[in-house]
Structure formats: structure tokens, C-alpha cells
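Quick setup: one chain, the form predicted on its own, written in C-alpha cells, and binding and motion questions come after.
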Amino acid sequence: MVSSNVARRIRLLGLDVDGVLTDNSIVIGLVEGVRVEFKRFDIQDGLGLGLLRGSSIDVVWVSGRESAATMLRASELRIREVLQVPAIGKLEAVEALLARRGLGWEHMAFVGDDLADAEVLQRVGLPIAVANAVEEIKRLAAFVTTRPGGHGAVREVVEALLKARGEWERAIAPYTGSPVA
């Protein structure tokens, strides 16, 4: 559960990629002699991120590895900023991002699953872990999803944030045809 006071402060939702937006699977192979990489992303997570477009919450992806597959999916979802940095460099990258945007740590929620996310989770205003996160990450989280990474966890986070802010009905109205109060 996310409190409305905390949710209203959030201006930036940071998402780890592998293990949060994906199910941790990476398929690597050669196609006509060229290295290719495939990842599995959950379509409900994509729609959930689209629901944030009408809110004051922006999204940034923070990955501990470079991947063309990550950039392809980010482009499809119109994610404007993707940080692909060494896993041990996430804290510095996020710190620089917040400074560039004029935001404090309290304005950011971050969703992680593994040790590379620990330093960021210790600083943000709303630390979140996916259901299949390692125990060390779950202990740092104020909110642990019921869904595992790559299987709707991000959608669950978006829904929890928008409901806590009183913005859920407005966000889904284009899909449900429901009038917005």
C-alpha cells in the first residue's frame, strides 16, 4: 500500500530493467553471424506506463547493462530517458539525473529487484521491490509488489501510485468510457 502523502510527492518513477520490466531472462544468440539479444517484456506493464502520461510523474529506466533490446522497448513506450550504466554506477547516475531535473530524492520512487539497486533504494522517497526480489532488497522496500518482475509488477506500481494520488479513474477513463468526476 502506498500512502497518499508519499504518492503525491513523487515526480519521477525509476525502474530497473532486468528483473523488473523483464522476467530476468536474456536470450543471446547469433543471427547471420550478428549477435542478437532478446528480452521478454510484459504488455500490461507497457500499458501501465502509458497511464502515467497524463500525470505529473515522469519515468526513467535505469539499467545496469547496455542492451539494444531495452532501447527498442523504451522507444516503443516513448520513454524519454534510459540510463544504461554499470550496475555499480546506478547511484551516481540517478543523483546526476535528479540534479539535472531539479528534484530531490524524496520526489522519486524506484523499483528494484537485486543488489545493484540497493544504494538507490536507500535514498529514494518511495523504495519499491518486486515480489521476486532478493531478500536484501525486499527489506529496503516500503512497498513490495504481489506480482513478480516481468509479469505485471510495474503495472501494479503504477496503479498503486495513481490510486493513492486519486488519479486512477482519470487515467483509465479513455479505456473504460467512464466519465471523470
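We number the residues from 1 along the sequence you see. Treat the numbers as computed from the prediction; the structure is a model and nothing was measured.
This next part talks about the form predicted in complex with another copy of the chain, which is not shown.
Taken together, the three residues D23, V27 and I88 all lie with some non-hydrogen atom within 4.5 angstroms of another copy of the chain in the model of the complex. Contact check for R53: no non-hydrogen atom falls within 4.5 Å of another copy of the chain in the model of the complex. Although the partner is absent here, T176 sits close enough that one of its heavy atoms falls within 4.5 Å of another copy of the chain in the model of the complex. Though the partner is left out of this view, T145 does not reach within 4.5 Å of another copy of the chain in the model of the complex, counting heavy atoms only. Among residues of the shown chain, A141 is not one whose heavy atoms approach another copy of the chain to within 4.5 Å in the model of the complex. Interface residues of 26-54, taken as those with a heavy atom within 4.5 Å of another copy of the chain in the model of the complex (partner not displayed): I26, V27, I28, G29, L30, V31, E32, R35, V36, E37, F38, K39, R40, F41, D42, I43, Q44, L47, L51, in sequence order.
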